[in-house]
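In structure tokens, the next block holds one chain alone, the form predicted on its own.
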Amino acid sequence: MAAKQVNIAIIGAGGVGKAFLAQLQALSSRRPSPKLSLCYISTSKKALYNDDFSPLAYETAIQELATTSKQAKTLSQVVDYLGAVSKSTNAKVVLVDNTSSQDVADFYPTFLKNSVSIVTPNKKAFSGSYKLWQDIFAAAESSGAKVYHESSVGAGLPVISTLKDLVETGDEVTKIEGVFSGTMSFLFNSFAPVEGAGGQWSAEVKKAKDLGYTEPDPRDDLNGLDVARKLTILARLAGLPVESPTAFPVQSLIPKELESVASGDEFLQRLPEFDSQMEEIKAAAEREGKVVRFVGSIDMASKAVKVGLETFEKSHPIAGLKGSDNIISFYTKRYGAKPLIIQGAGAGGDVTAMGVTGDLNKVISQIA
């Protein structure tokens, strides 16, 4: 009898995509059964696949993708191709979406209806419209295909799986609170440290950008929307039907006057003009013996979700974070007054890919 096989298709070959491919190669040699067969890999422009559905070589996939003349298939064509791969190999297909594309996310229900399981760090699928959220899980339910997205919140940290376990074992979540952005964590840990003075706000933002912690335009981090997306996902998993990331209060740290400047560079040049605003916020917290942090919280009883600045006692776990770490506290009936806390690196290609690889393992154990 032939060894069992699972076909793997990958969309997205950037930082996370490359890290995931390296982990997938190691995984396939570590667990020879079922055979993990790479059948498709693409960027937004190019794709690598074999017309006879034979597997691609892990070792050379990235180099071959860079030099191939094959255009990326449309999403409809990818669905058809993966259907043909499944038929010809008599084996299931898992699509790994390593992009942050809304277009790919919108197509998840179609993939799932066609029995293609999905593993992804793409936040947009699970924090977009509530209808898309419902359509994704309804499609998975009807076809039996699986969908996992651990890395959509907290990179490789076990945030989503922990919350799912709490809910599915009948615990009652009362509150979720934490620092959900590696960028914001880094900024506030260096701007308003528990000990010492900290730097000027504009200088810290520039430093974070130079170190690669922010998006190319730092306003994409400072508007708070990234954190709002993650909270939307967690709120929905906890049972609140949040409509979208703009359906609750989200505090932006972009000065009004700089919201519409042309570029990220111009934004950084002018940001020092507004340092006094952030200094006042820091000083007010210090007068109370506290520090300021950028947090998200979900209060289940009042159905209140919010993102923004809060002050914390210096002894509080949220105050004592280091570097760009995330911290997520789950307050529940079972855990009582002391929350269940998950803490660690919340950003980076390797840890994000680890969450994706962990999800892939879960899917393989269910479908192979």
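Counting begins at 1, following the sequence as shown. Bear in mind that the values here come from a model prediction, so they are computed numbers and not experimental data.
Absent from the display: the form predicted together with a further copy of the same chain. The rest refers to it.
For the three marked residues, Leu157, Asp165 and Thr169, a heavy atom of each sits within 4.5 Å of a further copy of the same chain in the predicted bound form. Using a 4.5 Å cutoff between non-hydrogen atoms, Lys362 counts as a contact of a further copy of the same chain in the predicted bound form. Although the partner is absent here, Lys70 sits far enough away that none of its heavy atoms falls within 4.5 Å of a further copy of the same chain in the predicted bound form. Contact annotation for Gly344: at least one heavy atom lies within 4.5 Å of a further copy of the same chain in the predicted bound form.
Looking at Asp299, you'd find every heavy atom of it more than 4.5 angstroms from a further copy of the same chain in the predicted bound form. Proximity to a further copy of the same chain in the predicted bound form, taken as heavy atoms within 4.5 Å, picks out 22-30 from the listed stretches 49-57, 62-70, 22-30, 305-313. Of the residues in 209-232, none comes within 4.5 Å of a further copy of the same chain in the predicted bound form through any heavy atom.
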